[in-house]
Structure formats: structure tokens, C-alpha cells
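One chain is shown next in C-alpha cells, namely the form predicted on its own.
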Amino acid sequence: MSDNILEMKNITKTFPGVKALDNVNFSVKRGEIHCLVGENGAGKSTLMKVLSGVYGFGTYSGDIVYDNEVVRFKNIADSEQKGIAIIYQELALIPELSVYENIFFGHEIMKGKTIDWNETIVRADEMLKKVRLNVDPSMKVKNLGVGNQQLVEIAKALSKNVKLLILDEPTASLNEDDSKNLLELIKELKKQGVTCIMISHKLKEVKAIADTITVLRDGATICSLDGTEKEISEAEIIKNMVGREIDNIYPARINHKISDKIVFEIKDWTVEDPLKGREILHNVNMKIREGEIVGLQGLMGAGRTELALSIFGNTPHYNITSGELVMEGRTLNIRSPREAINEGIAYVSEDRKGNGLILIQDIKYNNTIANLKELTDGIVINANEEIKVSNFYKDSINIKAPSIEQKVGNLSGGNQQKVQLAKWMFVHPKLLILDEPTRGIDVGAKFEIYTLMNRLVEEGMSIIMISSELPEVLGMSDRLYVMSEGTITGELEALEATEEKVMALAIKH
């Protein structure tokens, strides 16, 4: 019997206008944790969709050998019958159903012609114990945090007697504690005999957990690295991912001088959330200079996104109880996002798929929707000008797609993020608020976005960058503010900021 539980041989998958996979070979040893890495658009998710039957037999060429047998999965149900389960970054749970209903949804435990709910609850409790989740199985999934929902998804996979578990960016939306807990669980599943394939952009996690690392680039297998023989450096992984060495992931700004001019100021900003029935921001004060990147750091729940949304005119959800916003010496009265845009403020959402983009529309539509007035002649959109503008941004920020007619939902995460950035660049803001600008994208795309940020501030724009990745904030900011429990607990210049100083302010009450 082969040591490999899986061998994918010469897998080729083509979509209209693009070859997503080009003779990919991919082998996974039985009982290992195998990490699959590569830039956005490298083909990682496509390869796993071929394996799991999302792209069924006949839609690709090549062979899949699973458990020493050539398999031809027509759909997900076929792969699940063989013990393969895939968990996506966007969880496939039904919020209004209970935990036990979600765990056995689609493979219910029957007693005659009816569902045996008593046995379902007992078995669900067993699965929850396996994933170390101590919650009431009758609790609705919508009342769980994202980290616990992720564990319910894994419990659901285990309930199907999974042998090979595929996790696509499992920690992308988790905080540090939940991420650590999930990685420990994956190690525990390995001890129980479950083989895991994990797609991740977080190279520190990959290094910490992987027995083997396979790198894809431009739809082809570049190499497989054995993490059990020697420690693999991040630099080696990055070089294989992007095809070149990136000595400093945070590009330097050459001869860039920040103006003394204060472009934007937040004064004694206090905000109440009626749904929560309490204040969520208390006397926040910030100053942003022209041509400056200001980092905004804090732990989960510190109020960073709430601050951004309240500045951007999200007033139907929040009550501004006191304070003022001042743009270039003029007090603003912003009551909606449209008024914020008109005042020169743009907000790039942390949730690009849910709030930032219209996935069923093309690049052109998404690039121009926030500033159609610049393209209209009377009430008619100038189609030629719209094409010209969209092609300009596609080329200038390197959106990788066959054309501006490409549907945004079919782009990789990094290219979706570039489309979202282009959308807001087209409104020509004075202040750009970036909320988790590199979440869920690869190191190459991150470098491109950092380079773009540097270009924008060199041209005179000011940026507030919210990020949960502390090295990113330290690497890109000229100055940073730290928040805790809805208030600013400290301000640090980039040269004096350290991880220890930031964390001390982040836990300050």
C-alpha cells in the first residue's frame, strides 16, 4: 500500500480565457498536515474544488488517485462518500438552525422514515467533544462567534467519518486566540489519523503546522518542501510563491516628506450603538496629516471598525452623541456615506465580498459605481469614458483578469481587493480609510497593495489603516494610534513603536 493517501496527476483545468491549472501534480502522505500555498490566482482553491467534486469529472483532465484507487467524482456527494470533506473560508452553516441540526444537515440520522432527533443530539455532542467545543447543541449557530462556527463546520466534517479534511483559509477571519485553538485542533486530528490539507496565506501558521508545503504559481506546481527534515524559512516560501526574492515585504518610501498640514481631525468623538444599548466610542481624538499613513491598532472589539463606519456616515446604525469631524479646517456634517464621499472620505470595507463589491457584476461596473456622476452626461452614462477609466485602473494597479468584463466573483481575493481599491481611488478622496486591506490575500498581492499605498501618500493622499496584523501596522505606518474598549489609549511615532508597546496600550483600560 502506498504511503500517499492522495495523488493528483497532470491535472489541467481551463475556464474561458484562462488556464487555471496546468498539469499540476500534487501528492499527500497519509496522516500528514500538508499546506498548499501560492499567490491569489495560483490555482489552490481550484485544485481543491477538482479534488472534492465541485468541478466534477469531465470538466478537467488528469487523474485523481485516492486511497490507492482512481476516482472520478461527479459532485461533492461522491467525494464525501469516500471520506473527503472541504471547509471553505465562507462557512456553509445555516444561522437559524441549531448546532446539532447543522452538524447532521444533509446526512440526517433516520429512524424509519423520520429523523431520530434524540440520537442526533447525542451524536452531535460527541462530535463537539472531539473538536473541544463546549456549547449546548441546541443553541442556534447565529449566536456563536466565528471561531466556534468554524469548529462546528469541522464537527460536521467529522460526523461524515472524514479521512481527508481540506481547510481553505481557515484562520482568515479568526482572532489570534481562535486561530491558535484551531491549529491545535488540526494537530489533534492528525493524531487521530485524519489527513489535513490546509490552504493559507499566513506563513507563520504554515511554518508552525506543516509537515509538507507545496507551492503553486500561475496554475503550476513549483515545488514541495519537507518541513519534517529541516526548518523552512519564510523567505524560501515567498521566493517560490512569487518567483523572486522580496527582501522587505514593507516597501520603503524614498525621499517622502510628510506635510505639517492637518488634513483631517476627529475631536471628542463619542458614539452610541442603539442595538447594543451602550456607548461604543468614547471621546476619540485623532489628527491625520497630508501624505501620512496612520495605523489604527487594537484587539478584537476595540472599536476600530466602528470608528471608521461612524466617520463614513453610517448614522442609521450609530448615534453620534458628541464630537466633530474637521476636514482642512472645516467642520463636517456627515449623515450618510454619500455625504462622506462628497467631503473627500472613502472607506474600503474589511468585508470585500459582503459590503465592498457586487460580485455578480464585472470589473468595469464595480470600478465606477461609487462615482458615476463623473461619467454621466446629463442622465446618461458615457460608456466609452467608463471603459477608459476602468482600463486605466486595471492597468495602473495590475488587476489580473482577461478584461474589464470579467465578473468580480470569479477573481482571486487579491484581485478583488484591487478592484475595491480602484473603486475608491476613482472618487479621488483626500482621506482613504483601509479596513484590513490585506486580509486573506497572498504575500505578493500584499506587496503590491503596500506599494500602491506608498504611491497614494506620495501623491498627497492621507490614509488611516486598520489592521489586526501588528507587523503590518508597524511596517507601513508613519504614526499609529492604539484603541482599547472604544477609546484611544495611546499614540506612537513609527520609530518608537514596538510590538510590546502597542500590546501594552491595547490591553490598557
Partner chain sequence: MTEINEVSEKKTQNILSEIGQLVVKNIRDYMMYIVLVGIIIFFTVTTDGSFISAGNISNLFNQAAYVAVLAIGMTVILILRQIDLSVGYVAGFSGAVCAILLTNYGWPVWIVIPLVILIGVFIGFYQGMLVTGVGVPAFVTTLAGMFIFRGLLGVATSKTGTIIIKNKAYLALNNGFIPDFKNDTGYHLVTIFIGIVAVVCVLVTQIQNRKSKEKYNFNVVSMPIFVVGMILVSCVIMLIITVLAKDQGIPWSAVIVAVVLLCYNFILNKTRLGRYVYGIGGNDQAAELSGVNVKKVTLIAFMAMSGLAALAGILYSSRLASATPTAGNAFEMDAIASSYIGGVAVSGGVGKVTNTIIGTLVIMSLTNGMNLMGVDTFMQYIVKGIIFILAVAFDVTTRRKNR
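These numbers were taken from a predicted model, which means no experiment stands behind them. Numbering follows the first chain given and starts at 1.
Beyond what is shown, the protein has a form predicted in complex with the partner chain; the following relates to that form.
Residues 110, 155 and 190 are none of them found to lie within 4.5 Å of the partner chain in the predicted complex, as judged by heavy atom distances. The partner chain is not drawn, but in the predicted complex it has no heavy atom within 4.5 Å of residue 129. Of the heavy atoms in residue 424, some are within 4.5 Å of the partner chain in the predicted complex. Heavy atoms of residue 386 reach within 4.5 Å of the partner chain in the predicted complex, making it an interface residue. Contact annotation: residue 365 falls within 4.5 Å of the partner chain in the predicted complex, judged by heavy atom distances. With the partner chain omitted here, the record of contacts in the predicted complex names 355 to 363 of 324 to 332, 144 to 152, 355 to 363, 259 to 267, defined by a heavy atom within 4.5 Å. A single residue from the set 87, 286, 370, 238 has any heavy atom within 4.5 angstroms of the partner chain in the predicted complex; that residue is 370. Interface residue among 404, 199, 183, 174 relative to the partner chain in the predicted complex, by the heavy atom within 4.5 Å criterion: 404.
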